[in-house]
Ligand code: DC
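One chain comes next, on its own, written out as structure tokens in the form predicted on its own.
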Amino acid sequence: MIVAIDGPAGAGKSTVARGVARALGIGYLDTGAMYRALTLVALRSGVPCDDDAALARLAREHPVHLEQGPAGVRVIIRGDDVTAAIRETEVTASVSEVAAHPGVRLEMVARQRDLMAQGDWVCDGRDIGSVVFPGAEVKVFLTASVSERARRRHAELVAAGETVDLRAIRDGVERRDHADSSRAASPLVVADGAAVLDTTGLGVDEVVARIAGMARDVTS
């Protein structure tokens, strides 16, 4: 069974997807982390974020590995654990540009499909239900108001020890929304058959319970 959770930046996809995976006792595939890992390597290697061919080659040569562990999913690329580093502000500011390239998405989607070909997964991203796995048994589109998503991202960064301006975070969320929704390759859309769930004002546990319930209904 595949549970596909899509939605814009800051909608709580990763947190919710991890919770749903735990509730159902199945694997969690963080596709956003894969694009972030590639972006981090590009920044560290001096590969321009507007060079589709070079970025696609980088993705082929350095595939991202996601390792399930007791503390959660570890993101490994080029042998390095980059789980924390991919959440840095510089990566967040560049990942939408990197992820928009057709060549990059071609490489990443192939990798994601390989991973999902075996076993049951909860996957989150921008195009899981629409492009990567349109046959997913459960499709959910998570969203929330821009203000709420900015507040969440701000709290996440502050908790990580970063000093950031809430207004700047909000502006960044709006830019990512525009970039993700207007890109030519796999734009952010509500997939056919997806349940739209606005998480503004909802607690994580409540959202997890709703989606886990959908999955159980499908398998019952």
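Values in this document were obtained by computation on a predicted structure and should not be read as measured data. Residue positions are given as counts along the sequence shown, with the first one as 1.
This protein has a second form, the form predicted in complex with the ligand, left out of what is shown; the following refers to that one.
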- Would R149 show up as a contact with the ligand in the predicted bound form if we use heavy atoms at 4.5 Å? no
- Task: State yes or no: in the predicted bound form, is some non-hydrogen atom of R176 no more than 4.5 angstroms from a non-hydrogen atom of the ligand?
- Result: yes
- Message: So in the predicted bound form, is the ligand close enough to T83 to count as touching (4.5 Å, heavy atoms)?
- Response: no
- Task: Determine whether any heavy atom of R78 comes within 4.5 Å of a heavy atom of the ligand in the predicted bound form, and answer yes or no.
- Result: no
- Query: Among 179 to 187, 55 to 63, 162 to 170, 41 to 49, which stretch sits within 4.5 Å of the ligand in the predicted bound form, heavy atoms only?
  - Reply: 179 to 187
- Could you list which residues of 86 to 116 come within 4.5 Å of the ligand in the predicted bound form, counting heavy atoms only? R87, V95, S96, A99, R105
